[in-house]
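So this one's two forms of a single chain, laid out as structure tokens and tagged structure 1 and structure 2.
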Structure 1
């Protein structure tokens, strides 16, 4: 097989996997709506199961799949940046929150990795696995790069981020009911700080104000963690 034929084959395979991935996403959205937006059937969970099944059936390796769908993975960055739009639309409300809102995000961003450290101390995980859990509460693009810098496993970190986001959204409903929280700003800050993009998507379903505060929390917590975590390991490791 010559180089031109190989290039054409790869291009066709990439197109097929891109199409299948988008189909799985659309199908997952349909299932999510069909079950009345039950978080147990979240599109990320269902989509991941569908993709895993297709990879297993086709005997395609995970690195090959990641290569084929790289254009979709690349869109994670621009999609995160696009969250600046609702943030701008609610900028006056956010500015009014002032330092109190920032303090909540900072405290939550510090507690998240500390809780991860306390939990993994119970188990005999390898160092690389332990490091991969520290970025569980920041959005995937930042978590993957930060984990790689501190010596963790980026792929594991991405999976942990997804699980954390879904569990955070599920338990947030219970917490909001128990605390009788009806403030959209508080809900948004909590969801964005703990459950990153998945929590932010949920916050936008609540209302525009919750979505804006969640977006702010997602961005600020992600940036703080991405800067301080590698710096901490550089200074004390």
Structure 2
């Protein structure tokens, strides 16, 4: 391989945007720490704002940016496969939580998308937009593929997933006070079921047990939704 073919493979612009995105993320983590982990300053939010500002200033188009940083989005694939490891490590927790835990995850996993769908149906959105809400509570790579299979807009679904994740984490502080929830296991279950990976990161801050339950809920809800939704559409659509 010579250098010329390598530069054709990766453009300078692409390298710059990959580096900028990485820097924005590192900076966002610093800001998150600086605000003592206040969830309004979540690295995803700050990172996205920083990048959006840079895109606006440099007058790069969004589709171009997407193309440049495709390697980053692509990494969500291996990262999802990596969920097999915590899932395996939490086997004991899953068995201990048993059918009760599964029931909570299953009901929580069904309610969130159905509520959103009902709301959207009332206000008459197009079908593909509605379908993009069904995967709101499962982690992005699963959501993107599942949405594609059932005929929604994968890119929109990805955004819905991230927004749901952050909102769930922010709301959780109020909701746990409202329901007087002092059980780490339940906190973990709720965070993992509703807010997938972003909720799980939060659960790990609460304690190890919450983290374990959240990891389990994230994996189980993701798997259940990704299996049941396409099956449902295959049977009824």
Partner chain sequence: MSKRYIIESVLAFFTLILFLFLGNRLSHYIALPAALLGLLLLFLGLLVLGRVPTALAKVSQFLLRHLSFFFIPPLIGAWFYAEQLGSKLWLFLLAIIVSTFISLCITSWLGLRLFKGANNTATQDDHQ
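Numbering follows the first chain given and starts at 1. Note that the rigid core is defined as the largest set of C-alphas that superpose within 1.5 Å between two forms. Quick caveat, the model's predicted, so the values are computed rather than measured.
Visitor: Mind telling me which structure is the form predicted in complex with its partner chain?
Guide: Of the two forms shown, it is structure 2 that corresponds to the form predicted in complex with its partner chain, while structure 1 does not.
Visitor: Take the rigid core as the frame of reference and indicate whether the C-alpha of residue 44 shifts by 2 Å or more between the two structures.
Guide: False for residue 44: its C-alpha shift is below 2 Å.
Visitor: Does residue 186 move its CA by 2 angstroms or more between the two structures when the core is aligned?
Guide: Superposed on the core, residue 186 moves its C-alpha less than 2 Å between the two structures.
Visitor: Quick check: residue 228 between the two structures - does its CA shift reach 2 Å or more after fitting the rigid core?
Guide: No, the C-alpha position differs by under 2 Å between the two structures.
Visitor: With the two forms matched on the core, what distance in Å separates the two CA positions of residue 58 between the two structures?
Guide: Residue 58 C-alpha displacement between the two structures, core-aligned: 3.2 Å.
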